[in-house]
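Let's start with one chain on its own, the form predicted on its own, as structure tokens.
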């Protein structure tokens, strides 16, 4: 097989470039579907979304409609949302609780454990007709890490635990923020399209190099709220941070916080009335986790990318975001807020306010990012004349000297992408 040159990765010359054709060619997206989305672990949902037997959520994951559900037997499964008769969706609601899923086309019915339980006019079928072989099909692999459920369409894929590699450390920090170790997806879903290639959002989701120029309105809001966001000499951001690879294409941007953590880091925009409760939350973290771990949970924030398309932004709020390509020039984004089970109504209100204020579709960050990615996609129409995009920042620095505005984490994503795209 001839190797296609999608990237230039030259450590001696400190040059890393991505060929811009990867953002515009439909044949590359077709390869991504088979080499990446058919082989990697993909986020489908959180355990809190299917608490009770019969609870379900329907989603599209990796181009397939699926049903994420808990059966009457208490087992969580993911079914392909396709009737085993002719292929019609057997569930057309977004969420709910159901004992059965009934196809509206010919009324074949399945229980919430997937078994085919009713076929109208069954006596018209021959002696070899066996309902036991016509159950709803489950996805080949399903596993979870601390309540985050991912699926894989490759029956021979490596285990999820091995796949997550160093990303587990950052998932652990998020779970540690709950006194009980339990998190829950908060009701309400953000869903929107971006007219850009999906990989551009993967880059953008943990690219701190763009934050100060692109999100200047947010910086002005912080200053007006009494927050010191002065940028020290030698930095491009208010505080120090770093980006690092975590294995298997996963990577993170890990920063000292400058914009507040309503879980345990008071800022003026939360109001004086919140100061005491936030101090109590912080004291609980210190008591349970110790000073060092509590500092990680309360005084640092991180944007974690789990390859290829799951982003968990653990900052002023905790956001779970996933995105899938619709075409080579358009993606669909879905995002949820997640927080500790049992937190107070006032803490939950601060969490949701932060979630909407920064990451919401009408917040300070997301409209900026959508606009940036869409005009970026438009500019890449010149890819035949201007062929390469540069991601070389920080290549001359040792890892311990990397800043949050350098790009080792972006290169980690692209190296894994390139590795998978070169497989036969």
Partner chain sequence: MSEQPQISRAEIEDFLYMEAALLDEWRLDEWLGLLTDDASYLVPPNDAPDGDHHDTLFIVADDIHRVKARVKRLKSRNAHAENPKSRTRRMISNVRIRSVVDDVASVTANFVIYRFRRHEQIREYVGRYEYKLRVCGGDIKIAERKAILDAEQLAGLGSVSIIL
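This one's a predicted model, so the numbers in the text were calculated from it and none came from an experiment. Residue numbers count along the first chain shown, from 1.
The next section is about a form of this same protein that is not shown, the form predicted together with the partner chain.
Practice item. For the three residues 74, 110 and 135, verify that every one has a non-hydrogen atom within 4.5 Å of the partner chain in the predicted complex; reply yes or no. Key: No, none of the three is in contact.
Practice item. Please determine, with the chain shown alone, which of 248 to 256, 284 to 292, 188 to 196, 304 to 312 has non-hydrogen atoms within 4.5 Å of the partner chain in the predicted complex. Key: Of the stretches listed, the one contacting the partner is 188 to 196.
Check your understanding: Given that the partner chain is left out here, which of 131, 85, 332, 275 has a heavy atom within 4.5 Å of it in the predicted complex?
Key -> The option sitting close enough to the partner is 332.
**Study point:** Proximity to the partner chain in the predicted complex, single hit among 142, 349, 98, 165 (heavy atom within 4.5 Å)
**Key:** It is 349 that has a heavy atom within 4.5 Å of the partner.
Check your understanding: Does residue 362 make contact with the partner chain in the predicted complex, using a 4.5 Å heavy atom cut-off?
Key -> Flag for residue 362 set to yes.
Point to revise | residue 221, heavy atom within 4.5 angstroms of the partner chain in the predicted complex | key: It does: once the partner chain is placed as it appears in the predicted complex, residue 221 has a heavy atom within 4.5 Å of it.
Point to revise | Residue contact check: residue 48 to the partner chain in the predicted complex, 4.5 Å heavy atom | key: It does not: once the partner chain is placed as it appears in the predicted complex, residue 48 has no heavy atom within 4.5 Å of it.
Review point. So, in the predicted complex, is residue 68 in contact with the partner chain at a 4.5 angstroms heavy atom limit?
Key: No.
Check your understanding: Can you name the residues of 211 to 225 that have a heavy atom within 4.5 Å of the partner chain in the predicted complex?
Key -> Counting only heavy atoms within 4.5 Å of the partner chain in the predicted complex, the contacting residues of 211 to 225 are 213, 214, 216, 217, 221, 224.
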